[in-house]
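As structure tokens, one chain now follows by itself in the form predicted on its own.
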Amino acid sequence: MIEWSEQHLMIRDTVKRFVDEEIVPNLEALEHGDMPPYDILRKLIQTFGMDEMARARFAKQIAAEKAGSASGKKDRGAKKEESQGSDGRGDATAMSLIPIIEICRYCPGMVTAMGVSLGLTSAAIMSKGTTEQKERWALDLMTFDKVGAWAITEPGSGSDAFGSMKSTAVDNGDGTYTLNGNKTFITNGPYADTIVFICKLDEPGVDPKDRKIMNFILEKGMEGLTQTQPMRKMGLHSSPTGELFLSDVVVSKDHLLGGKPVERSKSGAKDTFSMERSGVAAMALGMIERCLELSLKYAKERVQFGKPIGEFQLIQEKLARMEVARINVENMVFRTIEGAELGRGITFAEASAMKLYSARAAVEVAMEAVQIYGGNGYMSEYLVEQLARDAKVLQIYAGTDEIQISAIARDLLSRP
């Protein structure tokens, strides 16, 4: 794949109109006010029929599970057959990435808020939960009627999320568990209705690093659960981030995701991180495209020493490097779409490579855009200032640059 199809471009134009009409007029309130993004995101999902598509997918999967397929091999096999041809999974992947790209041209935080609720929280329940848990919690998340949060990071844990995890679950022996712990940097944490809380089983005599991983589904308002107000941060102001405090929260076993601990292989977490990391390329592409557009416009209009600054070679070099970055990141997005069309997913190492390059490219392009704007680029009334702040987090969340490098190198060294 080397370019967007006509169908893709039509969808892109439709999304652009929504962004221009619903997001751009509210940028000031989203960025500097107290306007959570959720009403606009719900309108987006309803406008494009994503809620109805989610209901249809959900009904099909639940019906299959109740009929005995357990949404397993039969269902996946059928989906694989359906995905063959030019209108298969490739188009579905493209149509999921195009809104990410277009929204990130103005408001990357909204994508983060939406992605964690739809792409992490609901996906975790749909992939690991029992049929009863899916019916109870997943559909409202898939339609965005409720907001979800995925809580793994803890104060002091950083990149060693599992090894440094201190949150615990005590088996009370009566079909209930008592949960304690503190989670931080939780996207949607302040407003989440449904939370997937990841902790370790309290197993006396077992080394903490070897204890079983437990995922619990929590609900807003549970006794002992505190959701803080949004934290102040450098960028992504339109994505509310908060802390969670659990003090003797008692839950019944039906809140234990899947009814059992997670396998120690952590393969489920790897799948989650792969999904996050490959999505960063789409986010970066939107930010890079917008920074380049704004920089080109400014370079033509801004006059210094008697001529537009775009006529100076140093400015031309910056613009040229921006275009190279845009082409490279766009090709990564195209590769993701083409891989989906061929039925080949993104490996963990590939997702890490995509995230490493695209995150660095977005930061470099955004900072060069600020440089081209000069003093104006440092002022908050210019969008490049916001995009420069927003881009930095791409090098941090879903694994820092250093973690991506380690993942890529380990994969390379493991090859024969």
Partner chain sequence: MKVMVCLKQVPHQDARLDVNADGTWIQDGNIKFEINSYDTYALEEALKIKDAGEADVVVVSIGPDRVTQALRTALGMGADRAIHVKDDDADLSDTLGCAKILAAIAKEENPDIVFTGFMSDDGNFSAVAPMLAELLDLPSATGVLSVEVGDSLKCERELEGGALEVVELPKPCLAAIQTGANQVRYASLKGIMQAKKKPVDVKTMADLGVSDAGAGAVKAKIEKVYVPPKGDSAEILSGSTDEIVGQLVTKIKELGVL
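Residue numbers count along the first chain shown, from 1. Just so it is clear, the model here is predicted, and its values are computed rather than measured.
Not pictured, yet referred to below: the form predicted together with the partner chain.
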(message) Whether Val24 contacts the partner chain in the predicted complex should be assessed with a 4.5 Å heavy atom distance threshold; does it?
(response) no
(message) So, Asp91 and the partner chain: in the predicted complex, are they within 4.5 Å at any heavy atom pair?
(response) yes
(message) With the partner left out here, check for me: in the predicted complex, does some heavy atom of Phe48 sit within 4.5 Å of the partner chain?
(response) yes
(request) Classify Ile403 as contacting or not contacting the partner chain in the predicted complex by the rule of any non-hydrogen atom within 4.5 angstroms, answering yes or no. (result) no
(request) Using heavy atoms only and a 4.5 Å cut-off, determine which of Leu294, Met95, Ile213, Met222 is in contact with the partner chain in the predicted complex. (result) Met95
(request) Heavy atom within 4.5 Å of the partner chain in the predicted complex: which of Ala67, Met53, Ala29, Met379 fits that? Just give me the one. (result) Met53
(message) Each of Glu6, Asp13 and Phe18 within 4.5 Å of the partner chain in the predicted complex, by any heavy atom, yes or no?
(response) yes
(request) Using a 4.5 Å heavy atom cut-off, indicate which stretch of 363 to 371, 347 to 355, 381 to 389, 40 to 48 touches the partner chain in the predicted complex. (result) 40 to 48
